[in-house]
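For reference, the chain that follows is the form predicted on its own, supplied as structure tokens.
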């Protein structure tokens, strides 16, 4: 049976992929979007997003809803599946999905985003779903009236901690470095909360528990002193890993495993293969930037297809 053919396949469901899909539809490019879910990292933003043009304040879930509603106004084919591998034979790309089989296209935009980076300490894997979480939006209500630790002092960590104030009785923000790296507005909000305690120079050593998490062992990096916190939940917010396993032979990577692109066009080293958003080596990771990169990639695809 022949593979289903498109002009363009977009891989991913975050802001870069959705923006590219909307512009592809407007350009009358026969397009397929392959996405297991829509929203990407926006779905984990329970605290209001205040840096997206047009919205003074909006939750991640609401912004995702608006993105998807806009996309669905156009005739773009969507397959809800994960991507297994991409091959290029001649000028045609073949994309294999986990359940729906193979699809062909003349061009591909990889906008698969990034997955949460694991902490990689003893007890982490054992307690996933039993106190260890990577998604505040998904799991915060489970920790009502409980003490929790948020690992990571960047914006993601502070946003997770602020979201948890609606549920948890105590939240510890644990940062490895001597200073937190979040934006000043997030730091100020956290400092005003009586529920949040910010702890720096903390190296988490182990997550302990029986059926569920009961404590976190750590070492103070300034003094070398070992200690423990009694917590019933651990939210890991230490960054992300680009989702690139399916495209390794067709692109180059930097030291962070991000896809190296031409910043002017979003082109990779393989003709016809473009990448956009957090999966790439673009310097700043923001929703607005990801959406813009998706649009840029689509314009480059349009030029490529015309040639």
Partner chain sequence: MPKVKVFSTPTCPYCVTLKEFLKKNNIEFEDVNVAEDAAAREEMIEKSQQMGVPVVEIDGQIVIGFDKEKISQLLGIKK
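Nothing here was measured: the structure is a model prediction, and the numbers come from that model. Residue numbers count along the first chain shown, from 1.
Same protein, other form: the form predicted in complex with its partner chain, not shown, and the subject of what follows.
Interface residue among 244, 240, 43, 268 relative to its partner chain in the predicted bound form, by the heavy atom within 4.5 Å criterion: 43. Checking 80, 188, 214, 220 against its partner chain in the predicted bound form, a heavy atom within 4.5 Å turns up for just one residue: 80. Within 4.5 Å of its partner chain in the predicted bound form, a heavy atom is found for none of 7, 84 and 97. Just one listed stretch, out of 205-213, 103-111, 190-198, 176-184, contacts its partner chain in the predicted bound form at the 4.5 Å heavy atom level, and that stretch is 205-213. In the predicted bound form, its partner chain sits within 4.5 Å of a heavy atom belonging to residue 137.
Contact annotation: residue 90 falls outside 4.5 Å of its partner chain in the predicted bound form, judged by heavy atom distances. Remark: residue 37 counts among the residues lining its partner chain in the predicted bound form, judged by a heavy atom distance of 4.5 Å or less.
Within this chain, residue 256 is remote from the site of its partner chain in the predicted bound form, having no heavy atom within 4.5 Å. Contacts of stretch 125-149 with its partner chain in the predicted bound form, defined by any heavy atom lying within 4.5 Å, are made by 129, 130, 131, 137, 138, 139, 141, 142, 143, 144, 146, listed in sequence order.
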